[in-house]
Structure formats: C-alpha cells, structure tokens
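We begin with a single chain expressed as structure tokens, specifically the form predicted alone.
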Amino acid sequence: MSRDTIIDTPARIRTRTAILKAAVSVLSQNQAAPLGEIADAAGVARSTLHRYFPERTDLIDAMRQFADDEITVATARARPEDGPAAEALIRLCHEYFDLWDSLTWLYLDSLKECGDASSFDDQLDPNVSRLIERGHLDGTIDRAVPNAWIQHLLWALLYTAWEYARLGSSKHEALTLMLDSLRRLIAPAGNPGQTFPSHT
C-alpha cells in the first residue's frame, strides 16, 4: 500500500462529515462565506479543512454529492412507490422537512449553475413530478391542480415551515401545519376532508 494512500478510518469519516454538514449549513445562508467560517462551524482548524478539501472547488463538489446522498436516503425512507400517491407525497414532505440546509444550498447552487436561462420547469424535481403524476392517475391528488403548481407550493410550504420554526415555533407545530396545508392543497375536488395517516 502506498504511503500516500488515505484510509477512511471512523475518525476521518466523522471529521469529513462534520465539515460537509457545516459547509452546507454555512453556505446555505451565505454562499460567499470564507472557508475559515466553515472550519469554525465544524469545530476544526482551517488547516484540517484543507487536508480534506485542498481547494474550495473540492469542497463544493463533495457538498453536492453529500446533499444528493441525503436527499436520496430521505426519498427512500418516504417509500414513494408504496400506497396511494397522496400519502407518499405527505411522507416525502415530512422527510424533506429535516433537510433545510441541503435543499436550500442545492437550490442556490442550481440557480448559480443554470443562471438566468433556468426555466420554470427546469426547477422541478423529476421524482416529485412522477409522484404527483401518479396521484393524478390514482385519484388521490386533485387532477385540476397542475403538477408544477403543487411542486412549487410544496417548496413554498417547506420554506414557510422552516421560517416559522426559526422564528420561535416548535418544529412539531411547524411540521403539523405544513403537512395539514399540503393535505388540503392536494385533496381531490369534492373530498377536501380526506385524511392521511399522521407522520408527525
């Protein structure tokens, strides 16, 4: 084995994860934040951060993979293919509630990548789109409400819930209000009182 080979020990994995979590948190609030601020948030020296990520671009690339992995895991936990689509969408929104930093940073990063050329449809998540389409077909999501409208309101509801919690509400209350609002939004016409199992 080469002396230059780096072995991912549990301690290294923990440190790397702490740096990535701190980076996502800091840069979701300020994309221009210096690496020193990220190191401070991670509780490591700046020299340590540079050992893991020599350049800012290395850190950004790793953050994209880290955030994508978090969303992939959250989506799998929501079991989007199980049961009625409306219930699956509620579960997915519940899982996304805990991913404020990752979702915000990925959104800001995508805007930077796409620039002004980004269209309304470019901002839609294909996995969520497929889930809403399935709900239109199985009748658990109102067919009169367009896919894009539901998806953009879903992100707006998530942002509102995060802000509500940040301003002093409990996370439980913010999550409950968000999911109740989503249930009312997607309920088929003539059945506004449909209920889904609680996930709060």
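Numbers for residues come from their place in the sequence shown, where the first is 1. Remember, it's a predicted structure, so these values are computed and weren't measured experimentally.
A second form of this protein, the form predicted in complex with the DNA, is not displayed here; the remarks below concern that form.
*Asks:* If the cut-off is 4.5 angstroms on heavy atoms, which of these, 162, 66, 52, 155, is the one near the DNA in the predicted bound form?
*Replies:* After the contact test, the surviving option is 52.
*Asks:* I need to confirm a contact call. Of 26, 44, 175, 150, which residue comes within 4.5 Å of the DNA in the predicted bound form, counting heavy atoms only?
*Replies:* By the 4.5 Å heavy-atom cutoff, the listed residue in contact is 44.
*Asks:* Thinking of the DNA in the predicted bound form, which stretch from 141-149, 30-38, 163-171, 128-136 has heavy atoms inside 4.5 Å of it?
*Replies:* Partner-contacting stretch among the options: 30-38.
*Asks:* Check for me: heavy atom within 4.5 Å of the DNA in the predicted bound form, for each of 9, 12 and 56, yes or no.
*Replies:* Judged in the predicted bound form, 9, 12 and 56 all sit within 4.5 Å of the DNA.
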